[in-house]
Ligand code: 3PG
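Single chain ahead, written as structure tokens, the form predicted alone.
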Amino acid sequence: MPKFLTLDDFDVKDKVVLVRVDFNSPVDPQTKKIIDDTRIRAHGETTIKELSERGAKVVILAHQGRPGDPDFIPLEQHAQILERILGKPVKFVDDVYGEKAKKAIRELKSGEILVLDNVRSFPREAKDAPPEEHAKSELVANLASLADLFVNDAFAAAHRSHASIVGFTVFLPSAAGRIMEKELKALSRVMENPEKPCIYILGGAKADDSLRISKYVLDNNIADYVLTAGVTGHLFLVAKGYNLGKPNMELLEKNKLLELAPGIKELMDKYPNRIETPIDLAIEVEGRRKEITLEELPTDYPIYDIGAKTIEKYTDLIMKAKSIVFSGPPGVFEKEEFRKGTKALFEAMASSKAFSLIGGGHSIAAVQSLGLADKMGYISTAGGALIEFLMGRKLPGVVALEEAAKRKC
């Protein structure tokens, strides 16, 4: 597990604490209103609440959308939502590092909370650069001089070497916030000597990272089995030589996934007994579910789920597992007819004794819609950062915290 400092290592009373969170939320393109406060609530009820209650002067840095996109809006709404969540006043200033922001920071009293405006309104925020370069930016230079501590709680943005993620660690004592800490602890349970057997379930519609994740967890003996389903399962079946039929092959071709097939075949040849692919499938015929065997391929109908025999086989492996990573549902769970695979696998995980980590937006939506979220070991709200971590890549935000911890020691 990465070596970093946490809030437990600092006395924050009367200190100005810069907290980088991930408040990036879904926004209605017409009304510009936030339609889901999950991330704001997660940070608010943990790190921000704790810092405020411990008497810190809390200054929040966050981004929303990208310049030019419909969801690139100021953070005033976020501050109002946070105020409702915490049940106490939250200040907002429509400035990031100028005189208005600095004045608002200087006037903060212990326990008060201030949300600065969208950090991506600073043009150089999203530049991919090392911490030392970002430390010289106007953003870091102006704010670091007013602060006593930097807290990075934005695991979901930790895969980006952006100014507000890595720049402050050069000048300020730095710690991981509670969300960052929880994410990294949960991931260490499934990435560093996980309890065995360990299985990775790779499904969903986004299959472009499936080869790299599978290769990393198998080559490093992290996973005992990789179970494929969804579009990922389709891709692995194609790599085994199956023709899935026109609508399914066109989907893979459209998303430029077929080019991964040779690498997947090579990986399956290397690990013939550790990568599982569907043994039957569910297609949609005139709005109804129909299950077919692999021998009945190709099909003229879209494949929307795994079949009963695959469900039985995967469920058996889940019940024997001690560690499970679930990234992407096996079927189009939004359609009642094709929720069967997703429901069965989540129910098996809920009744097993394994530690389970759920990641990805569709996986979270699925487990929540089934009312099984509280039966899972940990649910990660991260997207790109989680995928990068599962592929064994170093996250710049985490590395910056590790380097800051070394300097303090």
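Position 1 is the first residue in the sequence shown; the rest follow in order. Keep in mind that what you see is a predicted model, and the values were worked out from it rather than measured.
Omitted from view is the form predicted in complex with the ligand, to which the following refers.
Segments offered: 285-293, 152-160, 187-195, 135-143. Contacting the ligand in the model of the complex at heavy atom distances within 4.5 Å is 152-160. Taking the partner from elsewhere, K57 is found to have every heavy atom lying beyond 4.5 Å of the ligand in the model of the complex. Contact check for H63: a heavy atom falls within 4.5 Å of the ligand in the model of the complex. In the model of the complex, the ligand stays beyond 4.5 Å of every heavy atom belonging to K49. Using a 4.5 angstroms threshold between heavy atoms, R39 counts as touching the ligand in the model of the complex.
For the options R120, K215, R339, K182, the one in contact with the ligand in the model of the complex, meaning a heavy atom within 4.5 Å, is R120.
Along 13-49, these residues reach a heavy atom to within 4.5 Å of the ligand in the model of the complex: D22, N24, R39.
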